[in-house]
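Here we start with a single chain on its own, the form predicted alone, put down as C-alpha cells.
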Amino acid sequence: MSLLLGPMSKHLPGHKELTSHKEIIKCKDVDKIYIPLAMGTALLEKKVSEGDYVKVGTVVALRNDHFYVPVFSSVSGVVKGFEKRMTSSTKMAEHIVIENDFKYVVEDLTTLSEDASKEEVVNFIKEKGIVGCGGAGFPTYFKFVKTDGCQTLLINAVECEPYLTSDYLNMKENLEDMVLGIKTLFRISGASTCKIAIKKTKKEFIERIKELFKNETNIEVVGVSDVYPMGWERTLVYEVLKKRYDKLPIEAGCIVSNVTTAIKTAQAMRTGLPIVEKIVTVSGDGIKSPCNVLVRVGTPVSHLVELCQGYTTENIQLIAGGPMMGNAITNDNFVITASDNGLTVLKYQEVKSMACLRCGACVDHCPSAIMPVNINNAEKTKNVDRLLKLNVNACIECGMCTYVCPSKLDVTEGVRRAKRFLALKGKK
C-alpha cells in the first residue's frame, strides 16, 4: 500500500435516471431456460438427466467444493438435454436445457419462521442456495457460520455502478421483505449494531427507510458519499467504520451483505422459494428503452433486449453487469443467473490511446492502493518477483484506473493479464 494515498475514489456520472423512476417490467417467460453448470471458476455437479421432469424449486445442480450451493430450476418442465453456451463470465460451460411447460408446478418447499434459531436460519439460507445478489455471487450462509467478533452488520445498499438501479427498485418494491431480511441477518450476525448504507443523495428514500426502522434502536441508516467504488466492501467499511482490514471484513468486526440478498432471504423464508426470479437493469445509450426487468433465472439475455425494443445501433458494446466491473461479451445468448443484476448496452466508441504520461492518476484513484501503471510495466517484462511485490492480486478489477487515464490506456486489462500470468505460474 502506498504511504501517501490519493482520493481512492471518484464521482462518476450515474445515468441512473434512465431507469430509476420507471416501473419494473415482467419479462415474458420463455420456451426454454438454461442453467449453467458453472459458478465463477467452480464447476457444478448435475443432479438431473435428460428426460427428467422438474418443478419450480427442484435442485438441478450442486456446487460442492469448498462451498456448498444448490442450484434450482426456475420453471417446471422436462430436461431436454445439455448444451455448451457462453456464460456471463465470458467462459464456455455446459448448460442444463429445460423446456418450460408453463404450468409452474412448485416443489414441496419448506418455509422458515421469523423466530427460528441462528443455526436453523444459516442452514436454511445454505439449502436455499442464497448467494450475494450484488454481482459477486458469494454463498451467503458462509458469512454467518462463524460470527465471533462481529460488532456491526453492514447492509450494502449503495449500488455504486453507473446505470444499475436494480437494488434501488428492489428495495422500493419489497420494503416489508427488506425489513424482515435485514432484521434476520442482523440477528444471526450476533452484532450489536446494524448500519444500512445508502447514497446520501437519496434523501427522501433515506427518510423512508429510517421510518421503517424507527423502533429499532440498534439499526441505523447511514448516508455515504456518491463516489465509485463506494459499494466495494473495503471502501464501504472504511467510509462507515473508519477501519481497514487485511482479507475479510470480520477482521474489522464487520459482516457486509447486499440489500437484495437480505430481500431474497426474507422471500425464501416466507414462500420457501429459492432465487428463481431476479430484477435486472437493462440500460445504456445502446438500448432503445432502458428499464428494470423481472426475469426468470435461466432466461437468455436476448429476450430482455427484445423486451427493451432492441439496440439503438448495430455497433454496440454489450456488458454483463455494470460498465466498470462488468464483463464485455460478444453476444446476448448468455443467461441470467441468481447473482446477475444488470446488463449495460453502450454505443461502441473507438478509443485512441497514447503513451503513458506518468501522471499517477491511476495510482491516486486506485481503491486497493496499488500501482496499476507499474503493474502494467512489470507484466510486459513478465517480472514475477516485481508483480508479487506490487501486490497485483489485490486488484478488484474495478476499472477505475482505465477510467481516469488521460492517455486512454486500458490499464485494468494490463492488470488482469498480470493476474492471469501469476496464476499460470502458480503464484498468489
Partner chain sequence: MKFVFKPSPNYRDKKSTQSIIFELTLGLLVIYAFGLYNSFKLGSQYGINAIVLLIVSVVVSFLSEFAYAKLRKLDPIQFFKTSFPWVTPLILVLMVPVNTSAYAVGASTFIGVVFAKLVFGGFGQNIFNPAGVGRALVFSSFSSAVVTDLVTSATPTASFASAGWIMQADLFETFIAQFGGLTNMFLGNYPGTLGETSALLIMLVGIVLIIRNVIDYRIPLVYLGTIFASATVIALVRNTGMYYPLFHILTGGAMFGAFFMLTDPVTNPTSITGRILFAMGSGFITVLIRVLANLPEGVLFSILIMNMLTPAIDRALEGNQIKKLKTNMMAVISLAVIGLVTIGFSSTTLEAKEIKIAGGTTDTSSLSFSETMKVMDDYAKYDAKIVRVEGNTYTVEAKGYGLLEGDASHFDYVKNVFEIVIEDQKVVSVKFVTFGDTPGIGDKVDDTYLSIYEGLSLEDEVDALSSATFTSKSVVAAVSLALQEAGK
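Residue numbers count along the first chain shown, from 1. Keep in mind that this is a model prediction, so the values were computed, not measured.
Keep in mind that the form predicted together with the partner chain is missing from the display, and what follows is about it.
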Name the residue from 248, 92, 351, 145 that puts a heavy atom within 4.5 Å of the partner chain in the predicted bound form.
351
Just to confirm, with a 4.5 Å cut-off on non-hydrogen atoms, which of 382, 389, 66, 28 contacts the partner chain in the predicted bound form?
389
Per contact check vs the partner chain in the predicted bound form (non-hydrogen atom within 4.5 angstroms), the hit among 162-170, 250-258, 273-281, 93-101 is 162-170
Taking the partner chain as it sits in the predicted bound form, is residue 82 near enough to touch it, meaning that at least one heavy atom pair lies within 4.5 angstroms?
no
Taking heavy atoms and a 4.5 Å cut-off, does residue 138 contact the partner chain in the predicted bound form?
no
Against the partner chain in the predicted bound form, would residue 359 count as a contact residue? Criterion: heavy atoms within 4.5 Å.
yes
Might residue 422 be said to contact the partner chain in the predicted bound form, defining contact as any heavy atom within 4.5 Å?
no
Using heavy atoms only and a 4.5 Å cut-off, decide whether all three of 132, 181 and 187 touch the partner chain in the predicted bound form.
no
So which residues in 33-53, when you check the partner chain in the predicted bound form, have a heavy atom no farther than 4.5 Å from it?
none
